[in-house]
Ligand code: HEC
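Single chain ahead, written as structure tokens, the form predicted on its own.
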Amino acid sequence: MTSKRQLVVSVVFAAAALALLGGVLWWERAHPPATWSAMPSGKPVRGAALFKDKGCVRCHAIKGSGGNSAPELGSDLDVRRTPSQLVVSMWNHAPRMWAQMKAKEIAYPKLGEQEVADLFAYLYTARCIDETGDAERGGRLFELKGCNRCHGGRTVPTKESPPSLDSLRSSASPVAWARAMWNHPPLPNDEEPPQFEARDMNDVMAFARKGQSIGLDWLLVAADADRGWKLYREKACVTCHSLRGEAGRVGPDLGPGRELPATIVQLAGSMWNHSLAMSRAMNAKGVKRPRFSDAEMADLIAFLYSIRASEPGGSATLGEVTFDGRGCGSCHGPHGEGTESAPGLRGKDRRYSSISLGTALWQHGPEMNKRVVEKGVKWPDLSEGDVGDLIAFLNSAPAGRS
């Protein structure tokens, strides 16, 4: 009888513990920590120089330019775009990378946190490469949408005439195309512009490029998200488009909660589709429609897409489980408090991010890997979801500290 009662009590306590854990996880998911953008702190143009100067290009290629002994890092098919995805990829391939560097007698370069931020910004930008469209279909659309009426094969264009198809080919990069769609003058007689859906604009640009693939857009590499934020205000974009969901704006919210088109050329198509409506809204508000240079459009695009590269939210509870379960606790302590083998990671008045995790891996990874090998254990793999949970755990206060 006593044992039966003990069993019932044990079951009740187990159920209560599970319910409590479920409640904690639900609360953490319902109240995630504030996220922040990781990309504006890094400059792609500095990252491009570092990619070459630090020797990354010897093994990794960007759009086919570079070494081939390690994975391509700028493929338009590569889905590793966010800082957390880059950290996971770097972490999981690190031991193989270090072994190859040692075999090739490549000196291990030093990287600080700002340099990692710059490299991540460059790699993020390199993945913002538009897919090459269907040139044959684009040619049909070029005629069907009436583009050929103004942009036909003119042999001697005048200063006032629309650019010829050959002129379009010379400036058919994603950013320049977006700038051209925004700056395009109104159609004759205030005509409604033809609409471009899905990948239509990619196909038209492919036709203009004669089917040539799209390489790295250096206008975007040289762009600056901080300058883009300044332009967003100076060019009066903020008059019609909110970034934080404020009511009463004419145009759609462009903040992180609203998805932008998947590619820059599709964004150009969206600009074109709404061009007439936007002009009318500006006229009604007495706002002069601004024009953009290629560099300004690149900065604006960099800003709009950078505010979507925020750190993932996560559960500190699951992060602690992951931290100990993946073996991190064997050196750093099960709660990240530190041991004789490795330092403590929490409670040091610092905030962790994908950038700082990537920096720590780069600076201390080889020594960590050496100790893992000595212990005879496997280097732990991470999934993308682990990063947000680990960051939440490492940024939480240890027991006994508020």
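Quick note: we count residues from 1 along the sequence shown, nothing fancier. Small disclaimer: the values here were computed from a predicted structure and weren't measured.
The discussion below concerns the form predicted together with this ligand, not included here.
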| query | finding |
| --- | --- |
| Sole residue of 295, 106, 198, 262 within 4.5 Å of this ligand in the model of the complex, by heavy atom | 106 |
| Listed residue (89, 317, 132, 82) with a non-hydrogen atom within 4.5 angstroms of this ligand in the model of the complex | 89 |
| Contact of residue 119 with this ligand in the model of the complex (heavy atom, 4.5 Å) | yes |
| Residue 67 within 4.5 Å of this ligand in the model of the complex, heavy atoms | no |
| Any non-hydrogen atom of residue 372 within 4.5 angstroms of this ligand in the model of the complex | yes |
| In the model of the complex, residue 223 touching this ligand (heavy atom, 4.5 Å) | no |
